[in-house]
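The same protein chain appears twice below, in two forms, each given on its own as structure tokens and labelled structure 1 and structure 2.
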Structure 1
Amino acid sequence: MSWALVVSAPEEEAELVASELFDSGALGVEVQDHSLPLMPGTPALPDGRARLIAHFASREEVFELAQLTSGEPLEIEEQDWSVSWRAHHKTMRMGPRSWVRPPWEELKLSPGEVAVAIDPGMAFGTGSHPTTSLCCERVDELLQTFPGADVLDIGTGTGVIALIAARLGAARVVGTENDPVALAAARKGAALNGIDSVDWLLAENPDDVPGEFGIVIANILLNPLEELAVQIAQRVAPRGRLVLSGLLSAQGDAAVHAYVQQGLRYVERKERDGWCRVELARD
């Protein structure tokens, strides 16, 4: 038998909690939220909550973390989670020209298409969450409209958005993180894909990033989006676009309001599975 820890978290914090569980030694973390269908027999999720099942090598690790997280220890049949969890991670289309795939899957691309390999065991941001997929989709579309634009990815996670932008020919790509563990994962992801053109910066504040960008992506939570509105808006070049996500559908208007106050113009919003992406422009 082996052991897992079952933890409940607000949906908007699930991927952050998953990253923390990896930092605590988890071999793999399954995230169950309302954006994905549950396996038959799985208990229903409470409204607004996600369930995380983190698999560990030892009983002691699980019970120690249970005391800290109010999680529930779970004894399960022994299996190789480094292999069996792969069944839950498949190649996904992200935009009109872009795909994300796990490293063990091969993909035949059509002319003009690109793919990025992301290891689901690294950290937050495999592309499966609606906010990540919405941002990947839009950066693909915007780089069709503005080929060769500079791209800034704030809160880059595993770097999937930045790596797609690099693959699609962005002239300059910068990915920032305030979490050194996530930034290390992004660098590993870049190495996995043979991409050395992205600048990875450990930055608490967008003011730490020099220059302006034709496309700025910020897939973070509403509170930091509001708190950093002045600094993020300053990174958007004239005639540039700002794409915001990490937002529940009910939070989209608040995000738009914060950036209209900074002189940006509302362009559009798109929703997916209870989450949304909003876009603004600098004229």
Structure 2
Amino acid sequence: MSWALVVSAPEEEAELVASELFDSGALGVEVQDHSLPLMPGTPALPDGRARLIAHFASREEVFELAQLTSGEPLEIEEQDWSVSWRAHHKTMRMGPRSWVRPPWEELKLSPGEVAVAIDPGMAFGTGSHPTTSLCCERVDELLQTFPGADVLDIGTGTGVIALIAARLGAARVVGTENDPVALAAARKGAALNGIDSVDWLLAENPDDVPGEFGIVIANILLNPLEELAVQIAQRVAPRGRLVLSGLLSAQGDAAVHAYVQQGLRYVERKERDGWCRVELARD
């Protein structure tokens, strides 16, 4: 048997709630909403509401979170739920030169292109979430503008951004995580791709990462981005760029404000499916 937490949320907030569940340690989150037919036998959804089924490593985690949220614990028959995800994990273009593919799909690359294989299920970052694709796209573009830059990926999840950066020739690449399960998934992903040049660091605070980086990327939520603004901004090298996501479109300005206060200059923002990425520079 394994344990999951079932949470009901307004449909427009489902992705945000899913991100929060991942932040709370979920190994995988299934979102059921009105955009797709439900599997036979699945209870109908109330109008305008989505159901999230978050899978956790232990029963304790589920019960602890159930007390903090309006979620209900669910005991499920042993099943390899990570396998059922595979049906949804497809090869995706991330940026001008980069792709993410499932390990079981082959991909013929054009000259100059790179791909990383990501096995879904253990951490956030298969490439399908708009914030992941927004960040991967930008790291690809920035490494065209600043070839061989150093890259710091804060909240690396599966490691997808750091792995793409390594494949695209970044010099020093560091991926940090505050969740040991996700960090283990990132290390596994690096081995799967035969990439041994990335430093993986268990760190809640970017102060623990020595040095400065030409490109710093943090796809974490607005709250930690605001709380860690001093420490994240300090990691951006002179003439370096900072890319922030994990932000709903309405939260972009607040993130920019927090980092302008740290002396960075606003460069641009890009939106996708209600989420956004913002970019700042250190002059």
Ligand SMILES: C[S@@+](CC[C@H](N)C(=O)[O-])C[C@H]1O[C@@H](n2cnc3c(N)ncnc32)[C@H](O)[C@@H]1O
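These numbers were taken from a predicted model, which means no experiment stands behind them. In this text, rigid core is short for the largest set of C-alphas that superpose within 1.5 Å between two forms. FYI, numbering is relative to structure 1, first residue = 1.
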Please let me know, 1 or 2, which structure is the form predicted together with this ligand?
2
Residue 263 C-alpha relocation of at least 2 Å between structures 1 and 2, rigid core basis
no
How about residue 276 - superposed on the rigid core, does its CA move between structures 1 and 2 by 2 Å or more?
no
Superposing on the rigid core, is the Cα displacement of residue 215 between structures 1 and 2 2 Å or more?
no
Rigid-core-fitted C-alpha displacement of residue 21 between structures 1 and 2 (angstrom)
8.6
After superposing on the rigid core, how many Å does the CA of residue 8 move between structures 1 and 2?
3.4
Shift of the Cα of residue 49 between structures 1 and 2 with the rigid core overlaid, in Å, rounds to 6.6
